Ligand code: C5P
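Single chain ahead, written as structure tokens, the form predicted alone.
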């Protein structure tokens, strides 16, 4: 399994999204792995997923499901028909919910997209976790516990901070995927993220996939920014 950079398509319309992807449509330009999150999915629905897939992109459908097990199972059964490569839910929904999700996502022929679980969002600090969620354990301990629960439920990996990727591999094994947002260039803005690092550092720590949004999508030359990211992370 090779490392890869996933571009977060944080746009609110089909037009903006396709205009951005058109920048990667030239001869000799790679078609990047992309993430479709809530904003774009809620604006355009499943049709945008099918359209981007038809263009040849791998897709991480980032909807972070979190509900009772039966509801999540049925929702995942619907999402399994979109032919995405990866999708996710919140690990805090419990192991039972994750197991139900995996069952729903598995197609009759036994195939399914990669299913990963969000541990703690990269915008969450230790202070916010304690004050707002009443979770008083150290962040690192909480993330590792959620990762173990996800692994026990049969999931392929977790979404975590790049700062935690190496420890997740130590805890759950080298083959357990770490998908890490919160990646910024050393000379870029942090934005609303708290637990962040650079592509090069994420590679060093052990991230399998990094998710990068604004440093690429808002760059003057997105293709150049993407290539810089790949060069730093993949090498």
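A quick note: this is a predicted structure, and the numbers were derived from the prediction, not measured. Positions refer to the first chain, counted from 1.
There is also a form predicted in complex with the ligand; it is not shown, and the following applies to it.
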Just one of 184, 169, 57, 203 has a heavy atom within 4.5 Å of the ligand in the model of the complex. Which one?
-> 184
Indicate whether the ligand has at least one heavy atom within 4.5 Å of a heavy atom of residue 222 in the model of the complex.
-> no
Taking heavy atoms and a 4.5 Å cut-off, does residue 211 contact the ligand in the model of the complex?
-> yes
Within a 4.5 Å heavy atom cut-off, is residue 159 in contact with the ligand in the model of the complex?
-> yes
Would you check, heavy atoms only and a 4.5 Å threshold, whether residue 122 touches the ligand in the model of the complex?
-> yes
When the ligand is considered in the model of the complex, the residues of 47-81 having a heavy atom within 4.5 Å of it are 64
